[in-house]
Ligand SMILES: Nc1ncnc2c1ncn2[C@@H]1O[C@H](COP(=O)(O)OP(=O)(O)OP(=O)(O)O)[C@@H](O)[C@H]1O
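Consider the single chain below, provided in structure tokens and representing the form predicted alone.
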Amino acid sequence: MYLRSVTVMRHEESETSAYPFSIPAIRAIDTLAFSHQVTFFVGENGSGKSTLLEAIADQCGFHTAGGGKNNTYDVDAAHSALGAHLRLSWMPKITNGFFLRAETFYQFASHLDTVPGALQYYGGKSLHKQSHGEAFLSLFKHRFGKKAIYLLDEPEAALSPARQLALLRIMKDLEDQAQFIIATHSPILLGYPDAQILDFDEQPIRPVKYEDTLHYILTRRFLENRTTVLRELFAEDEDED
């Protein structure tokens, strides 16, 4: 494990009410420690998972729209509002790694097509000439390796359940040399063995067991009681009418 913790530095008291400190989970952070090779950020949309992950990527020197240290391209709204407020604690510090941002992956793939020789590190084929899921998996298979930190923001966005399992296998193969920090809604990815899961719906952010995550609870209830869940859900719509 390389990145041990992140500390949020507030330069002025007025900053505590402005974005990104208007997000309760971000406002509550002093120091957040990482205790496992694989850490997941979980929480509802808008809970601050991606905001913190992007800020870590910024302080690692990775492109905040996706990429590593050597990727330079322009994307609107790719600046991290939190990055300048973070202090990272390393042991040891590493410079290798990658930040995957699902929502700007198209721009990253377009960037690769303009860099001579770049595609050989991503399977030798333009990521645009593959399906979205195939391109993600090609990135994971060919770009990931060696001692590095990998920051993944909702990698399941393009992956079928079978390919989410394939990602888990890639992570397991790299576990002895890589650290993963992943923001996700996927109960499949969250099932990775012995991972640290940090719940952004709680303030302060706290570790949570896999079986206690809302993602697991809702998914299990739906799969085991689909008819009941749907009947209750649709009944709510009728009550509103």
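Heads up: residue numbers just count along the shown sequence, starting at 1. This structure is a prediction, so every number in the text was calculated from the model and none was measured.
The form predicted together with the named molecule is left out here; the points below concern that form.
**Q** Is residue 50 close enough to the named molecule in the model of the complex to count, meaning some heavy atom within 4.5 Å?
**A** Close contact exists here: in the model of the complex, residue 50 approaches the named molecule to within 4.5 Å, heavy atoms only.
**Q** Report whether the minimum heavy atom distance between residue 19 and the named molecule in the model of the complex is within 4.5 Å.
**A** Answer yes; at least one heavy atom of residue 19 falls within 4.5 Å of the named molecule in the model of the complex.
**Q** Is residue 61 part of the interface with the named molecule in the model of the complex - any heavy atom within 4.5 Å?
**A** No - in the model of the complex, heavy atoms of residue 61 and the named molecule never come within 4.5 Å of each other.
**Q** Does residue 46 reach the named molecule in the model of the complex if we count a contact as any heavy atom within 4.5 Å?
**A** Because a heavy atom of residue 46 falls inside 4.5 Å of the named molecule in the model of the complex, the answer is yes.
**Q** What I'd like checked is whether 23, 154 and 185 together line the named molecule in the model of the complex, meaning each has a non-hydrogen atom within 4.5 Å of it.
**A** Yes, the whole candidate spot contacts the named molecule.
**Q** Pick from 206-214, 170-178, 191-199, 38-46: which stretch has a heavy atom within 4.5 Å of the named molecule in the model of the complex?
**A** It is 38-46 that comes within 4.5 Å of the partner.
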